[in-house]
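One chain comes next, on its own, written as structure tokens: the form predicted alone.
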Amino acid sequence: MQIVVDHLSCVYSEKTPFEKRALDDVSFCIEAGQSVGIVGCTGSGKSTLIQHLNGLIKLKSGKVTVLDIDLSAKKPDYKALRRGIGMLFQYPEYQLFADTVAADVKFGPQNFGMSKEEAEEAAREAITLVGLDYDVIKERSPLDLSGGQKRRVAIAGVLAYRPKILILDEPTAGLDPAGKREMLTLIDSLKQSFVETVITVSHNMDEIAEFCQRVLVLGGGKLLYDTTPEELFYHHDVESLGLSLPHAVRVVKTLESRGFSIPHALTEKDLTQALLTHLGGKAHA
């Protein structure tokens, strides 16, 4: 198991009038190779959970083991942990800070001990992985890039030190529809490189349905469900949790309520196939 969370709890402002239990006895395991979505309404504990996974929030109750690093140990190896986990927060382009793209992307590898030459090669590889031309973009200021390019550079800065686990907090926030599709396709393709496991926090259920094999649903700091997208959206009342249904699921359920029997669909592509199957046709190749 790459990640083991065992009876994790977290209380903010403990023993004060502002005490808040952000996580309450949460347990789960994640194996290498999985694409996992973490969902829940605002205040459900999502951000607190992912910040425990790379040690940004120190463990106080329960046990967390990531990449064989026990975070309940007296002195966890946080440097090794953070080299193994790449974390991208919401609007990561606001985290770009260097004068040039190359300097920004090389910062992580050099911070983790790579030589100047190794960091240069790592930056070139990472920027190429996110679909940009290193030689064209390396000397440009990050501030001069488009929004989509900035986000790609921010991702490259994480990829440059070759993390095994990638954690993304609302990776498509603020992007237009075309930018969202490009970003999700990019993230999905990264698992064909050295990234083994992708964990995505998102309010967009269409993205969760299409790109995640498994979904963890948080509510009030508790882990309410650990299931597949199909099981979640077709067999649980997610709307009562403040979550929306994916568009394809909403269409299928509307048709079912009107007496039509339609195969379950999670994405627009699945829905097209389901409707064609229902009508006796065949999808075009």
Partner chain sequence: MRDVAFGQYYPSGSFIHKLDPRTKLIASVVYIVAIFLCTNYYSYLACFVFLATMVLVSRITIKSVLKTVKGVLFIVLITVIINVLFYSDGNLLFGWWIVRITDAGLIFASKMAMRLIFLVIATSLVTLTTTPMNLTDGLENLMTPLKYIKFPVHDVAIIMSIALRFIPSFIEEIDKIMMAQKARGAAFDNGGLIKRAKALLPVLIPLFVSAFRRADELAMALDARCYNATDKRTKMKKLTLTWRDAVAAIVTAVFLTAVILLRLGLFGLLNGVL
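This structure is a prediction, so every number in the text was calculated from the model and none was measured. Residue numbers count along the first chain shown, from 1.
Keep in mind that the form predicted in complex with the partner chain is missing from the display, and what follows is about it.
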query	finding
Option touching the partner chain, based on a heavy atom within 4.5 Å in the predicted complex, out of T185, N111, S115, S193	N111
The single option of R140, K180, K164, R82 touching the partner chain in the predicted complex, heavy atom within 4.5 Å	R82
The partner chain contact at Y134 in the predicted complex, heavy atom, 4.5 Å	no
Contact flag, E207 vs the partner chain in the predicted complex, heavy atom cut 4.5 Å	no
The partner chain contact in the predicted complex: P171, any heavy atom under 4.5 Å	no
The partner chain contact in the predicted complex: L145, any heavy atom under 4.5 Å	no
Stretch in contact in the predicted complex with the partner chain, which is absent here, among 28 to 36, 229 to 237, 247 to 255, 56 to 64 (heavy atoms within 4.5 Å)	56 to 64
Output flag, P17, M87 and L96 jointly within 4.5 Å of the partner chain in the predicted complex, heavy atom basis	yes
Heavy atom within 4.5 Å of the partner chain in the predicted complex - qualifying residues of 20 to 51	Q51
